[in-house]
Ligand code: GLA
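The form predicted alone is given below as one chain in structure tokens.
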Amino acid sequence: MEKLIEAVKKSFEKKFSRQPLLLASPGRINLIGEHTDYNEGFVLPGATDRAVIFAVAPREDRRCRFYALDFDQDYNTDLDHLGHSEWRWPDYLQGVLDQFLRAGYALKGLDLAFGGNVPIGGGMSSSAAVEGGLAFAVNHLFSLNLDLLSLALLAQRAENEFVGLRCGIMDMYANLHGRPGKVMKIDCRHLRHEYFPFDRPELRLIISDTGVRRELASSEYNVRRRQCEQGVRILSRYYPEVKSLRDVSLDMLEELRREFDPVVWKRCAYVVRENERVDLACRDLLRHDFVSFGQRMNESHCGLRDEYEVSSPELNWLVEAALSVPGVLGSRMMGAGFGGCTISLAEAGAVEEFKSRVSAVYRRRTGREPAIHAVRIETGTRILGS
């Protein structure tokens, strides 16, 4: 991480000839609770030691100059002419600035360089790391005094309204509220959370990246969201108290099954079961029962693959290969789906065999090498200094 911080700092100084404020904005993992956040359900994420590093300084005018180290690209705009870019990455930054302006905050321009080691499009929410990090930086630089929840909601609106992905709150919330060695059970309806310990030296969390960028994820994500909303409309005709799938039981779904399109029913059933799995997984953590916790992860992947249908052959191959390694307790796809990463829970002594065996299986299946790395649960977005 030190090399990355130094590289971003030097790129800023070279581009803009002054000293920046430095921040780290982490990617997130989600142990269980996928596609439940926009259904007002429960999720169990944590911030990681993989992060986007920002070097940023305010200007006296309204110009904004951005430099993306990972792409070696410059983008210049100003606060009065924020618009979409063919490169896509500037939109995540502009969307955040747009939300501050819409909310009536008086901003000036800024110079910014950033780079990271969060896999782009890999299911660890590099987009939320960019959005949450810039929201945190702007709040600090211009002394706006917004709390972390307000910043998370602003970053979510940036992605919903400017970028155009109707994501839930989980990614931004985890990015800003993370604590080292702790995961958080987030109630996505009431926007509150409870921390659970996840700092076991004998266990490792392993991210395996398919290398498949998620071209279908944005469009299919919005399709899944509409299908869930359709299910809620059906259920609420018979159960007026149902406002989201958070309010639904499997018994209610079974009772009204004939009212549903079969595909919509499957989507809703997955979400209801996944919410239950999050609650049971938190009980497992309190009992230090990681064997049971791993089984919940396996069940989650089966639901994502068969009911929600957002997995892919590559994700399934990585999960199957992981579960063939002795000492692996659980594995599942993570994120929006159709590519990206898997997350696996393994005994520390299994990591080397995991890397060797999973890589060999994936090479044989695809001809490509998967990126595999163990991650730690770390602090959320924070100032590093200047």
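For every residue, the number given is its place in the sequence shown, counted from 1. Given the structure is predicted, the values throughout are model-derived calculations rather than measurements.
Quick note: we don't show the form predicted together with the ligand, though the next part is all about it.
Contact with the ligand in the predicted complex, judged as any non-hydrogen atom within 4.5 angstroms, is confined among 133 to 141, 164 to 172, 192 to 200, 289 to 297 to 164 to 172.
The ligand is not shown here, but in the predicted complex it comes within 4.5 Å of a heavy atom of residue 35.
Interface residue remark: residue 336 is counted as part of the site for the ligand in the predicted complex, having a heavy atom within 4.5 Å. At least one heavy atom of residue 221 is located within 4.5 Å of the ligand in the predicted complex.
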